[in-house]
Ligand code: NAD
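Below you will find one chain, with nothing else, as structure tokens; this is the form predicted alone, and questions on how it binds or moves follow later.
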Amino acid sequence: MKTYQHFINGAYVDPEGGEWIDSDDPYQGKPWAKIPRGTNADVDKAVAAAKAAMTEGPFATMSATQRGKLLRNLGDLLVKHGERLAEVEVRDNGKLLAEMSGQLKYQPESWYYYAGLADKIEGSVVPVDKPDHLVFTNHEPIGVVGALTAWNSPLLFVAWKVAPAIAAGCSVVLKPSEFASASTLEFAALTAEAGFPPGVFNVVTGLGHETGAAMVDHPDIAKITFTGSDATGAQIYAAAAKRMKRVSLELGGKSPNIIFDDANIDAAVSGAVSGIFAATGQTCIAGSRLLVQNSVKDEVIEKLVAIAKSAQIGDPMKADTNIGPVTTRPQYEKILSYIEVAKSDGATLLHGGKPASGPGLTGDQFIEPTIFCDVTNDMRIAQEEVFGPVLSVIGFDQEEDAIRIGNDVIYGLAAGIWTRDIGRAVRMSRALKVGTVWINTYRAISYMVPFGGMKNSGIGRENGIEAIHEFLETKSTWINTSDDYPSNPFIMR
């Protein structure tokens, strides 16, 4: 069993408290590694290193172009080490190697993108209405960033948060989820190899209510960026407000995936499967509410059930596996409890609904792909995030019904629309209160495109040019170009 260390000030170090936490392999159902159990002292050490990097070390005097070169170096190293890191992630969180491998092959592009963007963030000269004044704006790094990442795609979230933060000139202290920290700790060594000065990127692992809380409360962390549940996000938001910290929160979803009767039904069904059963449903953008126009509902359900029955459940390292284990035991039990709630609320179970068993399912954390119909949007299964392979099929008649049902949740992360009618597609996109709308596709993500939610799905945006502004403060500078000054100094100019 491998024993990991924190990564602080450019080196691996043992936890101050001398304690470690077991990290389980969800497929095998037993511990495979130990990660440090961080304390306030570990957080203090990491934050001090990050603060020093921004004020005293070589990073403090680097140009934006030089920061960009560091990010490019790191992207090159990810190309070299991506497959190894993908295998670590699969061992740690149980997601399919096919998906993790695809993510790691794509992730260098994020680092390259922000490498190029680092020296393209320009201020402006403002044609101010005050005579004899030159006014300009510039953007400065916000300060030390505390990043808290989720267990379902650890290194994807590292790229989304850390690349724009460092491009902006910030240093970072990152706490990965205690359920999947190994790949982030392995990745940390690459930052040193890429030439990152000590303290620019630090990793402290541990429990959320200990290490995470210490980061949120730390007076020298200027900004918190978090990916996780909306309940935890709300706690972080409240705690951060006490110190007036900036926050960005990428939270949960209950996304509507909407199929109209004029859609390419086979493509729409494939998109529905991708939306809920890929990643074992453990994704914030899961299309967990499938809204289907009643005229084609029976056809859609028949095709969905057929695919669900044929899905291969098993070893996430195997290329032919479609559905892997649930990552954590608490999440596994939560999903099963929601299935029982749906039954008791009157939803009709069409397929699945129980633990999966059979040859090769060794870890006892597998759940069959589950489909419910006769779901009404006021049921808990339609309102609350399950974060598992559980699909609720909801029928509708008219376009306005789909809009009303689609918006009738506290979340607003994403939505899918399946139709050949371009006018309807545009109307629906405008009407749905979500951060991302997919039309005749689903679960497509790019480092170039802003991503984030409305309502309880979060605050701020990741990816794209907008993301770097999450780590910058705008400063305005006024210059009086005249030797004269008003005769009355007691009034505003």
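Numbers for residues come from their place in the sequence shown, where the first is 1. All values reported here derive from a predicted model rather than from experimental measurement.
Only in words, not in the display: the form predicted in complex with ligand NAD, which the text now covers.
*Asks:* Going by heavy atoms within 4.5 Å, which of 108 to 116, 248 to 256, 397 to 405, 135 to 143 lines up against ligand NAD in the predicted complex?
*Replies:* Stretch with heavy atoms near the partner: 248 to 256.
*Asks:* I need to confirm a contact call. Of 150, 88, 379, 300, which residue comes within 4.5 Å of ligand NAD in the predicted complex, counting heavy atoms only?
*Replies:* So the residue touching ligand NAD in the predicted complex, by this definition, is 150.
*Asks:* Just one of 284, 221, 172, 159 has a heavy atom within 4.5 Å of ligand NAD in the predicted complex. Which one?
*Replies:* Checking each option against ligand NAD in the predicted complex, the one that comes within 4.5 Å is 284.
*Asks:* Would residue 264 show up as a contact with ligand NAD in the predicted complex if we use heavy atoms at 4.5 Å?
*Replies:* Taking the distances in the predicted complex, the answer for residue 264 is no, it never comes within 4.5 Å of ligand NAD.
*Asks:* Applying a 4.5 Å heavy atom distance criterion, does residue 176 contact ligand NAD in the predicted complex?
*Replies:* Residue 176: yes, in contact with ligand NAD in the predicted complex.
*Asks:* Is the gap between residue 84 and ligand NAD in the predicted complex 4.5 Å or less for some heavy atom pair?
*Replies:* Taking the distances in the predicted complex, the answer for residue 84 is no, it never comes within 4.5 Å of ligand NAD.
*Asks:* Is it the case that residue 209, even though its partner is missing from this view, gets within 4.5 Å of ligand NAD in the predicted complex, heavy atoms only?
*Replies:* Residue-level check for residue 209: yes, a contact with ligand NAD.
*Asks:* Taking a heavy atom within 4.5 Å as contact, would all three of 269, 372 and 414 count as contacting ligand NAD in the predicted complex?
*Replies:* So, no: the whole triplet misses ligand NAD.
*Asks:* If we check ligand NAD in the predicted complex, which of the residues in 439 to 457 reach within 4.5 angstroms of it by a non-hydrogen atom?
*Replies:* Only a single residue, 451, comes within 4.5 Å of the partner.
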